[in-house]
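Presented below, as structure tokens, is a lone chain in the form predicted on its own.
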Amino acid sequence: MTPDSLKREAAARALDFVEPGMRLGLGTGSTAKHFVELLGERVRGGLDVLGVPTSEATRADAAAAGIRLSTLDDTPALDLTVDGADEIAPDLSVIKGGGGALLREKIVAAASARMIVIADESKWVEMLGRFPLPVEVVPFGLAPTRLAVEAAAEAVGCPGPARLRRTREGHAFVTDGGHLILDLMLGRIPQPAALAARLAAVPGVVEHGLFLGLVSVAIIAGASGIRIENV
């Protein structure tokens, strides 16, 4: 099976957790896109849910699928968020932000009673860090912010360069919130909580892609089928 078909299988299994009347956080990225499409099929079949998207891209996809939408301002408490992940560790700490929506994704996740991540088995790792850790920063003072981000990683034993994310055309990648993203190339993160605390204390850092204590269920699709990991 292809990675994309595995993502779709994981997304389909997540629908089993959706109940009528739920207020849902809708994630961003290739796996979450499958979930939105499949959810739209259920909605067109009569399922009544309310969605809060985590990006403008997801908002457009959900609207096209016929899903009734809201915002966190109008719907500040959600029942469930379903999103993808770039890496998932056995304690269900995850790295997110490969799609550039980490800030909104974390705000929506924090507003939810539960968060489910869906992924193919390649995203399951023994230790986070192989995937570059996204750090969302304000454009002002980028150079000293980059140095401080690198120093924060080095201080907790995982040194590595922070590279400015760029588009395929070579321009700086800009998030929906108008920020930039530094991708920390670390290889391994032995102390995720310590790194998260250090990064949060850096002036200029808006958010980082370490989602700690937010995920309650991971749905992993592999060649041998679906497995469900719980905290």
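As the structure is a prediction and not an experimental result, all values here were calculated from the model. Numbering starts at 1 and runs along the sequence shown.
One more form of this protein, predicted in complex with ligand 5RP, exists but is not displayed; see below.
Of the candidates Leu128, Leu102, Ala152, Leu78, Leu102 is the one whose heavy atoms come within 4.5 Å of ligand 5RP in the predicted complex; the others do not. The candidate stretches are 64-72, 189-197, 41-49, 25-33, and the one lying within 4.5 Å of ligand 5RP in the predicted complex by heavy atoms is 25-33. The closest heavy atom approach of Gly84 to ligand 5RP in the predicted complex falls within 4.5 Å. The closest heavy atom approach of Gly160 to ligand 5RP in the predicted complex falls outside 4.5 Å.
Using a 4.5 Å cutoff between non-hydrogen atoms, Arg8 does not count as a contact of ligand 5RP in the predicted complex. Taking ligand 5RP as positioned in the predicted complex, the only residue of 107-126 that brings a heavy atom within 4.5 Å of it is Lys123.
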